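As structure tokens, one chain now follows by itself in the form predicted on its own.
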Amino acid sequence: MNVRAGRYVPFATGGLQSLLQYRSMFVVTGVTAAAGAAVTVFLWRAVYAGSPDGGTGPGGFTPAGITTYLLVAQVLQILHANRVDDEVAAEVYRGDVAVMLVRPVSYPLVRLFACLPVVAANAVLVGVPVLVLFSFLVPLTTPRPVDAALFAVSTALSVLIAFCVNLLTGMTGFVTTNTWGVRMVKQSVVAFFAGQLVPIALMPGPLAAVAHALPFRGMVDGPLTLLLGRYDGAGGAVAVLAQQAGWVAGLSVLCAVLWRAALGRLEVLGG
């Protein structure tokens, strides 16, 4: 696998230029994200309405804490929507992946560099405006500087986990002619076991144990555990980051192995 970064920069800049051709897409994404966040946030705030002022409710969350959790979870979901699964599957269907294979680059790394502008643009043009909007509407928890720094590192790792999960999903295009169902199932499973819909702290014991054993926890619950300071000292913070880093390494190896296996099944017809 060729990892010379200079060869992949054009794919990142090209992806950014292509993205900016459809600026209205960010408006639609922002409105959709804000609407989804509003439903989730105000629903859960109703659940915590009976909590004592300054006290904690179910799961050890304060009303401001659960609001922050759910709102930032929505923003993280925006960052994880990198379109890698959709684009990889489409290129396999069309046979365009064959053109990429004759180039002196690694296709998985090409997809990684191409999705980075999508992540950055979604963060700046959608995630930040949604956070600012809701900061005027509902009380939020202000994180400590050290927690904010840990959250930034954890978010970067969560983006890499999401990339690997989406790449694996897109690679199912090698074995099925329609990945729509696969992508829908992936989206639902990830949203639930990542803690985006329901915080893992509120899940029943066995279900929470399953969530902790899966990589999806590192996409939402892990970063939010650090942001809200819901960890046990420095050791607890290191454990969260180490688990995320371990999943990034494990999923990267899995992607590389399955990619080699998938190439053996590739058949492209036509000219």
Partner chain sequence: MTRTRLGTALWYVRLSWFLGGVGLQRLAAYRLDFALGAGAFLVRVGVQTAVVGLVFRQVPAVGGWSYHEVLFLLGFSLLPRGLDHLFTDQLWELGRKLVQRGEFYRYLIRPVNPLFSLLSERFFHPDALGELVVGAALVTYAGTSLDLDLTATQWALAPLLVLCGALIHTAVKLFFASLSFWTVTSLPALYAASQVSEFAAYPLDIYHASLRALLTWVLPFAFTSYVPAVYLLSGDTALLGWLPVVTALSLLLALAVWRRGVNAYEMTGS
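Numbering follows the first chain given and starts at 1. Because the structure is predicted, anything quoted here is derived from the model rather than measured.
The discussion below concerns the form predicted in complex with the partner chain, not included here.
Although the partner is absent here, Leu214 lies well away from the partner chain in the predicted complex, with no heavy atom inside 4.5 Å. Put simply, Thr177 is close to the partner chain in the predicted complex: some heavy atom of it is within 4.5 Å. The partner chain in the predicted complex comes within 4.5 Å of a heavy atom belonging to Trp44.
None of the heavy atoms of Gln243 is located within 4.5 Å of the partner chain in the predicted complex.
The partner is absent here; in the predicted complex, the one residue of Ala98, Val124, Leu197, Leu131 having a heavy atom within 4.5 Å of the partner chain is Leu197. With the partner chain left out of view, the stretch that reaches within 4.5 Å of it through heavy atoms in the predicted complex is, among 214-222, 61-69, 199-207, 228-236, 199-207. Three-residue candidate spot Val31, Val182 and Ser188; every residue lies within 4.5 angstroms of the partner chain in the predicted complex by at least one non-hydrogen atom.
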